[in-house]
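Quick heads-up: it's one chain on its own, the form predicted alone, in structure tokens.
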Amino acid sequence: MGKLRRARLGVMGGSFNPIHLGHLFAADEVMHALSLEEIIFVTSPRPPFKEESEMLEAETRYLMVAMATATNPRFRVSRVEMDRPGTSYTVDTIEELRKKYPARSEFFFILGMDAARELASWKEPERLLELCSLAVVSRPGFSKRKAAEGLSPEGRELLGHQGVVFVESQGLDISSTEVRKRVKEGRPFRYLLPDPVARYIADRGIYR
């Protein structure tokens, strides 16, 4: 009898305030590059490093993520952080997801270069790297050595860990901050977002 196949799963977490096409493009790039079976989108209700002033109510952000991912059968949404009290930390989320999925599942947490360079300030980063690999979405030509320039010794060591993999992508230069600003100023924003999300924001006057 053959060995059981090891499931490879991506996890993309964030405040998604709002989710935009850049998030979806990055998830698709990582899924293709690392041969992942699914991407799990985790909405953070209380991200540790975000300002609360412009943070939309968590259930609304979660709903927009569900809308944005509905047409891709390999995208999933999870309430793992929504239903857990307290601040949302990645290490806790991955630990909980590992309990919900088969034991042989292999997890890849997807993050951008800026977040990867702040890894030393995260909660229990060494423990996180024991629980999952990190898929860092980077511009073409970025090496671990180049990415680690200017970091503390701890930061360089973390970024150089064998569990950190770089996925090169041209990316889509979109930010949630820019989307919110455009909506507030009455400027065009429709084509920065999945259609259902753009309509939802426009119909309900969100971010005005």
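Throughout, rigid core stands for the largest set of C-alpha atoms superposing within 1.5 Å between the two forms. For clarity, every value in this text was computed on a predicted model and none was experimentally measured. The first residue of the sequence shown is number 1, and the count goes up from there.
Absent from the display: the form predicted together with adenosine-5'-triphosphate (ATP). The rest refers to it.
Student: For the spot marked by G22, A26 and S138, is every residue within 4.5 Å of adenosine-5'-triphosphate (ATP) in the predicted bound form through some heavy atom?
Tutor: The answer is yes; G22, A26 and S138 each reach adenosine-5'-triphosphate (ATP).
Student: State yes or no: in the predicted bound form, is some non-hydrogen atom of V164 no more than 4.5 angstroms from a non-hydrogen atom of adenosine-5'-triphosphate (ATP)?
Tutor: No, no contact at 4.5 Å.
Student: Check G13 for me: does it contact adenosine-5'-triphosphate (ATP) in the predicted bound form (non-hydrogen atoms, 4.5 angstroms)?
Tutor: Answer yes; at least one heavy atom of G13 falls within 4.5 Å of adenosine-5'-triphosphate (ATP) in the predicted bound form.
Student: Looking in the predicted bound form, any heavy atom of A115 within 4.5 Å of adenosine-5'-triphosphate (ATP)?
Tutor: A115 belongs to the contact set for adenosine-5'-triphosphate (ATP).
Student: L111 near adenosine-5'-triphosphate (ATP) in the predicted bound form, any heavy atom under 4.5 Å?
Tutor: L111 belongs to the contact set for adenosine-5'-triphosphate (ATP).
Student: Name the residue from L172, A66, L56, L34 that puts a heavy atom within 4.5 Å of adenosine-5'-triphosphate (ATP) in the predicted bound form.
Tutor: Only one listed residue qualifies here, and that residue is L172.
Student: Given that the partner is absent here, state which listed stretch (172 to 180, 143 to 151, 66 to 74, 156 to 164) has heavy atoms within 4.5 Å of adenosine-5'-triphosphate (ATP) in the predicted bound form.
Tutor: Partner-contacting stretch among the options: 172 to 180.
Student: Is there a C-alpha shift of 2 Å or more at K181 between this form and the one not shown once the rigid core is superposed?
Tutor: After core superposition, the displacement of the K181 C-alpha between this form and the one not shown stays below 2 Å, so no.
Student: Any CA movement of 2 Å or more for H161 between this form and the one not shown, core superposed?
Tutor: For H161, whose C-alpha is compared between this form and the one not shown after core superposition, the shift is less than 2 Å.
Student: With a shift of at least 3 angstroms, figure out whether the C-alpha spacing between G22 and R139 grows or shrinks in the predicted bound form: closer or farther?
Tutor: The answer is closer, because the C-alphas of G22 and R139 approach each other in the predicted bound form by 3 Å or more.
Student: Quick one: in the predicted bound form, is the Cα gap between R139 and L172 smaller or bigger than here? Answer closer or farther; it shifts by 3 Å or more.
Tutor: Distance between the C-alphas of R139 and L172: shorter in the predicted bound form, by 3 Å or more.
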